[in-house]
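In structure tokens, one chain follows: the form predicted alone.
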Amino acid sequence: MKNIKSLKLISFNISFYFVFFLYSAIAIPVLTLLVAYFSLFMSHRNTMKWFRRAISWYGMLVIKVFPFPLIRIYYKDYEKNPGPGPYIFVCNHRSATDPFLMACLPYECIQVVNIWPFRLPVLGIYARWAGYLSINEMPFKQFSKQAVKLLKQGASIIVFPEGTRSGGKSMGQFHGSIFRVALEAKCPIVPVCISGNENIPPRGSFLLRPGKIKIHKLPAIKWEEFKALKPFKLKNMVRNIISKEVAVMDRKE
């Protein structure tokens, strides 16, 4: 029985990665050509907007279609009347798949990442072109300046303030940089909670396992609600909100 399960798991992974690489080899050039074509008729700002949305469309198929039905993703928005943004989306970080899961957010977004995503073949190049911010490759003043500029242009920012994935159900402490940006830019903060993907794949492995992943987008915290807080208190407040929601999500697995 164990051998049969192992064979099914291996078969699922072979199928997934085969389709993933085949799809990437076709979709990435096609999307690039389409964006390049429309850039002839649009401003640079609109071109970047569509480029970032194209990345989300690419990611949506990767996370919701290819692994289905062995991996199911459930996204729930708790905001009653969500606005157009921009927002700073603050997420807990359990797995290397977390950045792909952010394709669920229906906004033009860039991500704040460590250095390693930029080292990925092809995808790393596109991340740089899209304006993703490498927090470890620039001083805070430069990071803050670029982040505020993106927000003023209407692009939302996704950040995993733990800095590195936990690999389990525990949550690390939050770094404070993005909360200083939120205070400076007067930008709403949206907690995003992820549960169920701590072993999809396990830390240190590329082996995907069947499971159910839940993503909860909580109501935005407006600048007026946190403008009097220092970055330290603000980051802990947001961390506590996410921690409580994730604990409930974990219990309902």
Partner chain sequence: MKQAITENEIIAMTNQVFEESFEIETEKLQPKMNIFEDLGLDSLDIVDLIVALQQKFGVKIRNDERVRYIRTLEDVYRFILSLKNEEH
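Quick caveat, the model's predicted, so the values are computed rather than measured. Numbering follows the first chain given and starts at 1.
Not on display, but discussed next: the form predicted together with the partner chain.
- Message: Is it the case in the model of the complex that Phe51, Phe100 and Trp129 each bring at least one heavy atom within 4.5 Å of the partner chain?
- Response: Contact check failed for every one of Phe51, Phe100 and Trp129.
- Message: Residue-level contact is defined here as any heavy atom of the residue lying within 4.5 Å of the partner chain in the model of the complex; does Phe232 satisfy this criterion?
- Response: Phe232: yes, in contact with the partner chain in the model of the complex.
- Message: How about Gly176 - does it come within 4.5 Å of the partner chain in the model of the complex, if we only consider non-hydrogen atoms?
- Response: Yes, contact at 4.5 Å.
- Task: Using the partner position in the model of the complex, report whether Arg180 sits within 4.5 Å of the partner chain, counting heavy atoms only.
- Result: Yes, Arg180 sits close enough to the partner chain in the model of the complex that at least one of its heavy atoms falls within 4.5 Å.
- Message: Please tell me whether any heavy atom belonging to Phe140 falls inside 4.5 Å of a heavy atom of the partner chain, as the geometry stands in the model of the complex.
- Response: Phe140: contacts the partner chain in the model of the complex.
- Query: in the model of the complex, which of 168 to 176, 84 to 92, 120 to 128, 105 to 113 comes within 4.5 Å of the partner chain (heavy atoms)?
  - Reply: Within 4.5 Å of the partner lies stretch 168 to 176.
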